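Before any questions on binding or motion, here is one chain by itself as structure tokens, the form predicted on its own.
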Amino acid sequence: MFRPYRRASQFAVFLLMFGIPLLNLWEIYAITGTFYAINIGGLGIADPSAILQSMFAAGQFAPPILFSVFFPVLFAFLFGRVWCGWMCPYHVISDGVAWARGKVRGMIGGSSEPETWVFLDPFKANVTRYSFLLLGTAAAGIMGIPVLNYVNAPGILSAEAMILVRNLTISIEMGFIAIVLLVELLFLPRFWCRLFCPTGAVVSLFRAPFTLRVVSASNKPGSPCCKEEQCSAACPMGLAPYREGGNLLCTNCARCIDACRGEKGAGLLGFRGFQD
């Protein structure tokens, strides 16, 4: 099962978010920066969406800066949108909010199972995400400021962690995160990751025929593996994994695979090349 490994990866990255400024306070500068851009021993690694915004805001193409997105882009080509499902600090908190929402619904007589707000189907959700990305990028070019960087949840959380460690306070940007999480808790679970996150939108574009993805070993891969559709119920992005494993919304979080291998599942889902 993938869940323990995913959780270990998520919490390791979450702790790294606080560990970097702590190391810097102790005058250890082997690693510096935030999740907008990190420098590891002189090697710069940046969020592709942040670089995209910065270039449009500056109004110029900067080849040296593009090298900083080489490793994130290569990683995405190989493993898909695993940053979102396995590492993103916002996604960890969103998981917690989804769990809390399920508990509250269970106490008032509803289902206690995690849910995904699917008021938009996957196609419309992707149209919304990329429309938001395009509008934000156009605004960056017109206004001369990286507009979407101010609503980039993982970057904001990382910057806030640095401010908290250094100054024992938080900035007003944390209010944006609080509002988004409150909306997820009360009204629209998972809406930010499905419909708006600029990092997720950009990263999901880098894929190829060899990119890791969820596939079905069923003789009828377009049909549910089991009548309960455990995989669809488990998917935080509101997909039907047995036929939509290649969708741009998929984060390769492997929840569907774990659910398919569970007590009521058919055990037919897996990552391409890694099925049992």
Partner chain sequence: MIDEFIGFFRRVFAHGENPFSRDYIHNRMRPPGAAPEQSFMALCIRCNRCLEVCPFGSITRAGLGPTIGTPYVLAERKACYLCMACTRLCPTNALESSLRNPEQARMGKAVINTSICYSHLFADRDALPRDAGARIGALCNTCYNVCPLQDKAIMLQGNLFPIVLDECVGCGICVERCPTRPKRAINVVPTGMGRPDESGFYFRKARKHFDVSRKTVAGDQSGVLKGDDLMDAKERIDGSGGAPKFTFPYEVDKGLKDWE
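A quick note: this is a predicted structure, and the numbers were derived from the prediction, not measured. Numbering follows the first chain given and starts at 1.
This protein has a second form, the form predicted together with its partner chain, left out of what is shown; the following refers to that one.
The candidate spot formed by A50, A58 and A159 lies fully in contact with its partner chain in the predicted complex, as each residue has a heavy atom within 4.5 Å of it.
Comment: its partner chain is not present in this chain, but in the predicted complex one of N247, S232, S218, S54 has a heavy atom within 4.5 Å of it, namely S54. Residue-level contacts in the predicted complex: of G106, G175, G96, G144, one residue has a heavy atom within 4.5 Å of its partner chain, and it is G144. Partner proximity in the predicted complex, defined as non-hydrogen atoms within 4.5 angstroms of its partner chain, places exactly one of 208 to 216, 233 to 241, 22 to 30, 247 to 255 at the interface: 22 to 30. In the predicted complex, no heavy atom of C226 sits within 4.5 Å of its partner chain. Its partner chain is not drawn, but in the predicted complex it has no heavy atom within 4.5 Å of S131. When contacts are judged by a 4.5 Å heavy atom cut-off, T137 does not count as touching its partner chain in the predicted complex.
Put simply, N126 is far from its partner chain in the predicted complex: not one heavy atom of it is within 4.5 Å.
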